[in-house]
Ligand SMILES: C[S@@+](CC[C@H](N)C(=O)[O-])C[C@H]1O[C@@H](n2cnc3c(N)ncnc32)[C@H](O)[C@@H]1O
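Just the one chain here, the form predicted on its own, laid out as structure tokens.
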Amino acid sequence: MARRKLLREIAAEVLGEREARRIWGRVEIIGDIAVIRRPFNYPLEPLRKLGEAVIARIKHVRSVWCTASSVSGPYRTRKYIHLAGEKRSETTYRENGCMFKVDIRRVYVSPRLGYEHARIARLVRPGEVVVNMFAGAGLFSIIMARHADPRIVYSIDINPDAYRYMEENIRLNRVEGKVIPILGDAARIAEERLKGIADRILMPLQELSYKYLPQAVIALRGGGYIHVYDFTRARPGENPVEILASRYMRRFREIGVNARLVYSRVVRTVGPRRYQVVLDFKL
């Protein structure tokens, strides 16, 4: 909270109160790197001044970047523009008692998912087999392994850089043998290598969760839990959770599966009337 207050003060001093309200909540600190999620067509020069002020005032921040694109592509990466400090995009990020080496230009990571990382770990029961279909650098998987007692977590990603960082993070957090990294397409791996083994499936990739739902069902051991993360738009008066839950319930019916929604919430707002939602289903 103190750091958020300081960020707000710095933004107000550099940009003025009105502009600060647009920007300060868009600043994330990942290890010793600050990332500003740049509003569309926002000028770079004020952000450079803000970056320099962040470097001067927050001593552990050594590098500041702003986003130059949305997260896209099969590897879930985005483009960045360097603003201030060291021109370095690799850092060590600590969360939920674990340590992660990441490169913001090569793998997707967001501190705003910290609550979800911990929440899912609390749900995992002793001895469960978990399949994380879109693992990235391994944050969900490793936090589960450290804070719960799963028998094994199969941790899949198609991005070679994410896989390399995941392997390193498994060693850093001493969960070798409990978190098994797998490089490749999650749908193919679920069908060919992990059929009928899982008690719980994690799908934290909105672009593919809906498409790969049949393969997630195939990986389950006759029943269990599927955790879906997806985006939706909602007009004023509409409930984004209800919109997305209805879409997924139709999808389950299409593939002949009896599913029950047991938990849901808006994880975050990501743009005007655009929301990230998590849906927990019991099959």
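Not measured: the values here are computed from a predicted model. Note that residue numbering begins at 1 and tracks the sequence as displayed.
The form predicted together with this ligand is left out here; the points below concern that form.
Looking at this ligand in the predicted complex, residues 217, 252 and 278 place no heavy atom within 4.5 Å of it. Picking from 81-89, 171-179, 200-208, 146-154 the stretch near this ligand in the predicted complex, with a 4.5 Å limit on heavy atoms, gives 200-208. Shown without its partner, this chain lists 213, 186, 120, 104 as candidates; in the predicted complex, only 186 has a non-hydrogen atom within 4.5 angstroms of this ligand. Within this chain, residue 194 is remote from the site of this ligand in the predicted complex, having no heavy atom within 4.5 Å. Not displayed here, this ligand is approached by residue 76 to within 4.5 Å at the level of heavy atoms in the predicted complex.
Residue contact check for residue 165: none of its heavy atoms lie within 4.5 Å of this ligand in the predicted complex.
In the predicted complex, residue 131 stays away from this ligand, with no heavy atom inside 4.5 Å. Counting a residue when any of its non-hydrogen atoms is within 4.5 Å of this ligand in the predicted complex, the hits in 116-148 run 117, 133, 134, 135, 136, 139, 140.
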